[in-house]
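The chain that follows stands alone, in the form predicted alone, written as structure tokens.
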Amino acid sequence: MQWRKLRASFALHSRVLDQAGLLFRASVSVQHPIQGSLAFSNERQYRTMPTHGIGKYKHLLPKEAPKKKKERQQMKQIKTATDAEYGTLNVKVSGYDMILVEHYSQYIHNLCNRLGVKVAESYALPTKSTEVMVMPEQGTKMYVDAILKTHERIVQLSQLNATLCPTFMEVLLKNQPEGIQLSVKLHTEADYQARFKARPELEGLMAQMT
């Protein structure tokens, strides 16, 4: 009798465990249907989803205006002098020390702004190199001892008042640093051409083409 009771209770427990397993599997398949489907099939369903356009953002940005081509710089019209005002003047600053040349040209520009003198342009000229040759005591072959580089800056003035010019020049000369040369002259077309570095090879090719 005891053996039959044990056997019946064992069968009952196994049935309960089987029902609990079925319920657990059903709940898992309801909560995670994708995992359940992947468990039973090896097919990759995301392959059918379109992926074009992912990661592209340029269509969201505002359209930029097309860049304009740089036009060739042309010479400005030279203003003529009148009874009360000078024409276009070039204040030229030159020297071997580039820092002094640059600072002094900035000082002239700031002084013009304070005095109300109109500055048309402020630019640098191509650097000039000068070789210093030395002849030794014995022999006749000369060799290069040093290379001096001359730096030049131009502050171009327009409509400088004739009554203000003497005072303006006196202030410039009193504050002129050592080793810096200062000159003032009327602007000409040759001064405009001197702004550009000479390229004889290119000019020769252009002449052959024409």
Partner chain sequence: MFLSLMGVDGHVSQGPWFASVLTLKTSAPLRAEPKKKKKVDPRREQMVRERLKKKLKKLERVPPELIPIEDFTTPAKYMDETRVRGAPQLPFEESERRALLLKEWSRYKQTQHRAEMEAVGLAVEAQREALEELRLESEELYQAALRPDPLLFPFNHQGPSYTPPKAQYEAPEGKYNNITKVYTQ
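Nothing here was measured: the structure is a model prediction, and the numbers come from that model. Between two forms, the rigid core is the largest collection of C-alphas that superpose within 1.5 Å. Positions refer to the first chain, counted from 1.
The following text describes the form predicted together with the partner chain, which does not appear among the structures shown.
The partner chain in the predicted complex comes within 4.5 Å of no heavy atom belonging to residue 118. In the predicted complex, the partner chain sits beyond 4.5 Å of every heavy atom of residue 66.
Proximity of residue 124 to the partner chain in the predicted complex falls within the 4.5 Å heavy atom cutoff. Among residues of the shown chain, residue 128 is one whose heavy atoms approach the partner chain to within 4.5 Å in the predicted complex. For the partner-free chain shown, 142, 147, 151, 153, 162 of 138-162 come within 4.5 angstroms of the partner chain in the predicted complex, judged by any non-hydrogen atom. The Cα position of residue 198 differs by 2 Å or more between this form and the one not shown after fitting on the rigid core.
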